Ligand SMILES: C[S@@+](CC[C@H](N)C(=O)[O-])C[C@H]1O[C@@H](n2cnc3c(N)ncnc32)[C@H](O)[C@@H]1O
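One chain comes next, on its own, written out as structure tokens in the form predicted on its own.
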């Protein structure tokens, strides 16, 4: 079980330790060496291992929930792009989806990804293509109630072309947003990863037309050199 107290993360409390040097191995690209060096020296990667999280992305969702109160016990959550499962770990803990008997409500967490995800107690994982024609049929077969939270950490494979990558991830985010319009209960919440780059206006307009509050947020655990941020939409069903 994930301890929700780990959500109170601050960079000043993380011991970065001595820098790890990585030599450029024969046959390895410089970009791969730089990625490996960054991973080995990233304090959130180290902390994720210590806390039992599957990736450093867990801290991003913990920060988002700490600031915006995304989850409640008993919530039904759909996690789009769930691999390797770190966001599902947080959602399971916050919604009591891993509890057998409790005085509080027991939630449900459904993870969707193109890749298989190793089991997590309290979570259900499905290997589906979110953009396929069959997805809505499949999700309708397993959902009997409206959803309380829809979250997306989806990202397309990088092409190396900044503008193209931006447009592709924005397309995924827009698809997730329109999915939320159809499946969220009134008052439900939505969060999705986006990249800064100037193509967010239409998405922001759509979200503001459907939610009471829409905020762009960059967690402290997000790398400073990354253009990623998260759009957080609260209170679905704006009148």
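Numbering follows the first chain given and starts at 1. Small disclaimer: the values here were computed from a predicted structure and weren't measured.
This next part talks about the form predicted in complex with this ligand, which is not shown.
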Choose one stretch from 139-147, 69-77, 108-116, 92-100: the one whose residues place a heavy atom within 4.5 angstroms of this ligand in the predicted bound form. 108-116
I'd like to know if residue 210 sits close to this ligand in the predicted bound form, meaning any non-hydrogen atom pair within 4.5 angstroms. no
Whether residue 123 contacts this ligand in the predicted bound form should be assessed with a 4.5 Å heavy atom distance threshold; does it? no
Test of understanding: in the predicted bound form, would residue 155 fall inside 4.5 Å of this ligand by heavy atoms? yes
Heavy atom to heavy atom, is residue 55 within 4.5 Å of this ligand in the predicted bound form? yes
Only hit among 184, 172, 191, 48 for heavy atom within 4.5 Å of this ligand in the predicted bound form is 172
So which bits of 69-88 sit within 4.5 Å of this ligand in the predicted bound form, heavy atoms only? 81, 82, 83, 84, 85, 86, 87
